[in-house]
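Shown here is one chain on its own, the form predicted alone, set out as structure tokens.
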Amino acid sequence: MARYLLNRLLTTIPVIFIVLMLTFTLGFYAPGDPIVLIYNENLSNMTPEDLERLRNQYGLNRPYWEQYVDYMGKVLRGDLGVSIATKLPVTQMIRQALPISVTLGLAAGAVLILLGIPLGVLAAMRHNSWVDYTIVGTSMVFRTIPVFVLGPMLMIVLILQLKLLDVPLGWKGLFHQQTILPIALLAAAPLADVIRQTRVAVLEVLSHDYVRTAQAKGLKTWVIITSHVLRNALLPVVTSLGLIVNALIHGSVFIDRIFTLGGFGEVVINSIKLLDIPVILGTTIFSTLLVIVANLLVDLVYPFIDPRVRL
């Protein structure tokens, strides 16, 4: 196990450097001038000399390789630079935003596990019945409605009409009632994927001979499901959950915007909009690490679900 972890961690180093090089290259050759985009409102009061001075201040007028080598040197020292737009250290911006998105993403992932897997099992056990059709059909409705449409709809119903919740603006912690709606919206779309994949996997396992043997022995249904079916059906579901939760953590752009949470997604989209290169590169590093950690955790969970899997 330790050797496997060490090898996986060592392979992350070249992956991060390759991703950084590609991102840096795309940012360098992307159309548009970061200084012009960021200082757009003050352009009328600035001379060409002022713009050039700012480019020189942030090192944007240097050749590609000089900028790249300088940036990589800072990264190796743990310095991700300073945002051109906010003048804040990139590490500070990520340190403030990432915990919010990680908390929401993990909470939404817990909802997917506690709700999606049981519903998928139930749909499989009631295959081609009204229960099956209701579960799959309802989840597909939420899957097809975009979050920027579903969010306002739920706020109108739950806040304005039923008055069950307060207006969920800002981040007040995971256990505040205002986080119920953001978590529900995050989990709404991928819930259908978890339900369908669990349903398909359980139906496949139910057709195996050892399940029919367990049924013939008179074992209770819940014993067959928990002891024989789920352990063999959950491997593909766990793989999907790892990728889904990772996507929830750093891809909740609309959720951040709708509820002004100040999470990781909002930092990413603002940096791209303004071509704020230091922030784009810093968030790329952490996004890459999130993907790697999610894949690693999925691999570590495999042996506990199916002992036949060895790392």
Partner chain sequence: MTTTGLGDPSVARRLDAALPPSQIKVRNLWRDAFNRLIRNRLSMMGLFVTLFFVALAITGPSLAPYSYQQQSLRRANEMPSREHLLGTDDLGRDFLSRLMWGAQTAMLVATVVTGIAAVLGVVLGGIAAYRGGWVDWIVGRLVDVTQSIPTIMLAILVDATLQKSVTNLFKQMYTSTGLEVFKGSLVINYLVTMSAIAFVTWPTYARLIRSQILSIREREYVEAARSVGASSGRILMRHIVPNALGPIIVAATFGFSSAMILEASLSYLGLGIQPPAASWGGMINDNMFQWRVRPYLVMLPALVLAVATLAINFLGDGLNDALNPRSRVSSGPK
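Computed from a predicted model, the values in this text were never measured in an experiment. Residue numbers count along the first chain shown, from 1. Rigid core (definition): largest C-alpha set, two forms, superposition within 1.5 Å.
A second form of this protein, the form predicted in complex with the partner chain, is not displayed here; the remarks below concern that form.
Although the partner is absent here, Ile113 lies well away from the partner chain in the model of the complex, with no heavy atom inside 4.5 Å. For the chain shown alone, Ala294 is not a contact residue for the partner chain in the model of the complex, no non-hydrogen atom being within 4.5 angstroms. Interface membership of Val69, defined by any non-hydrogen atom within 4.5 Å of the partner chain in the model of the complex, is ruled out. The closest non-hydrogen atom of Arg95 lies beyond 4.5 Å of the partner chain in the model of the complex. Figure note: of the listed segments 145-153, 210-218, 182-190, 105-113, the one touching the partner chain in the model of the complex, with heavy atoms no more than 4.5 Å away, is 145-153. Of all the residues from 259-279, those having a non-hydrogen atom no more than 4.5 Å from the partner chain in the model of the complex are Val268, Ile269, Ile272, Leu275, Ile277. After superposition on the rigid core, displacement of the C-alpha of Leu261 between this form and the one not shown stays below 2 Å. In the model of the complex, the CA atoms of Ile272 and Pro152 come closer by at least 3 angstroms compared with the shown structure.
Relative to the shown form, the CA atoms of Ile272 and Ile258 are brought 3 Å or more closer together in the model of the complex.
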